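Single chain ahead, by itself, as structure tokens, in the form predicted on its own.
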Amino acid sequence: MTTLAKHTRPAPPQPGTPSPRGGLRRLGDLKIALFFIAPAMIGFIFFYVVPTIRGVYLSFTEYNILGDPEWVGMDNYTAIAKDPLFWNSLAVTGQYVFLNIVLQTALALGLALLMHKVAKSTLIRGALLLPWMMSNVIAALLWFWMLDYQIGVVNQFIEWAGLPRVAFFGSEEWAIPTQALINTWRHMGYTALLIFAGMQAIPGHVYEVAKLDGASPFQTFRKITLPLLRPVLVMVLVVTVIGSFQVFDTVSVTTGGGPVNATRVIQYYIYQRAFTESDFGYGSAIAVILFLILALVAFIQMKFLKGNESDLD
């Protein structure tokens, strides 16, 4: 019995049985990961989560900065439903988002194709980012002066061509399209680089097979490039739509919501109600509605455009 006990060894661990040493290693990796995540997580909680929770609470109150919040329930939301300025701001924002998304996506897709097929220089590709690196306020002021009715260089060229001057910021018809063009100019280079990165991920042999089959460049773009770019395009659309709904600084430094509420986008209306009129409860209620709209739009885009699926699989 003694000899048998000496030569008996413990059975090897069965496959799938966690090793104590492996568990300790995973625990150590988790602590290291939490250590590195902690600063960003703390900032996210204090600057995003807490203000969001407080904003939702304030939306059910009547509150100005000089007093304490007074609970009013759904009164703010009921008032918003009957507020013509809110519906006007929502319509103006929708018009701006439509123009900005269509123009920006189309131009960015064209620029990405040029970078993929023609412009191979890193310098040229980097130059496309220069407008995006400029702050929104500086870009808005630059175009505000260039498009000025009296002294703007653009109107000087229009008059030189024998055409009447255009009140880009002073006309109800031109104000929102002008805002959309300014932001399209600023962001299309960055959007083009995102799409270009998606094109780089498409295997080259797919294009070679299409070429051997006699596909034209347009057929290749429509039947290969666009379907394989779907996840990237959906991501770009989600990001640009959310960013377009949050336009504020361009409107603030150029038209201030005018003329006659033609550019009073929903973010600017929130600012006016909360900080100009000191009605923080009402402004918070509009902000909550905007948050729900953006969440719904993002969900619809991801659900119906199938942004989490790729034809490369």
Partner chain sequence: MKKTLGAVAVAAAVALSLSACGSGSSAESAKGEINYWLWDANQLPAYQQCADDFTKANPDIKVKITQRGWDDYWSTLTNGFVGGTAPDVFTNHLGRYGELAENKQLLPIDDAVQKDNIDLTAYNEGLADLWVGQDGKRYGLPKDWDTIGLFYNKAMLASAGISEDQMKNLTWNPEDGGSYEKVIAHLTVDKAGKRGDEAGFDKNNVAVYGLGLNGGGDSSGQTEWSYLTNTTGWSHTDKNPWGTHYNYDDAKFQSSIDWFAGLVTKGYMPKLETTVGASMADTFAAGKSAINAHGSWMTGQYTGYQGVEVGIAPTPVGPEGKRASMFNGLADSIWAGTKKKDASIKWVEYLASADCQDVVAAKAVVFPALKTSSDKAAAAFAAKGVDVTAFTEHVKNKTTFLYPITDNTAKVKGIMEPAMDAVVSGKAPASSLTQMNEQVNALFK
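Quick caveat: nothing in here was measured; it's all calculated off a predicted structure. Numbering follows the first chain given and starts at 1.
The form predicted together with the partner chain exists for this protein as well; it is not shown, and the discussion that follows is about that form.
Between 260-268, 241-249, 30-38, 43-51, the stretch whose residues reach within 4.5 angstroms of the partner chain in the model of the complex through a non-hydrogen atom is 260-268. Among the residues Gln219, Ser121, Ser171, Ser135, the one placing a heavy atom within 4.5 Å of the partner chain in the model of the complex is Ser171. Interface residue among Phe144, Trp185, Tyr77, Tyr190 relative to the partner chain in the model of the complex, by the heavy atom within 4.5 Å criterion: Phe144. For the three residues Leu66, Ala167 and Glu277, a heavy atom within 4.5 Å of the partner chain turns up in the model of the complex in every case. Though the partner is left out of this view, Ala91 does not reach within 4.5 Å of the partner chain in the model of the complex, counting heavy atoms only.
Interface membership of Ala106, defined by any non-hydrogen atom within 4.5 Å of the partner chain in the model of the complex, is ruled out. Residue contact with the partner chain in the model of the complex: Glu159 places a heavy atom within 4.5 Å of it. For Trp71, no non-hydrogen atom is located within 4.5 Å of the partner chain in the model of the complex, even though that partner is not displayed. Contacts of stretch 142-164 with the partner chain in the model of the complex, defined by any heavy atom lying within 4.5 Å, are made by Phe144, Trp145, Asp148, Tyr149, Gln150, Ile151, Glu159, listed in sequence order.
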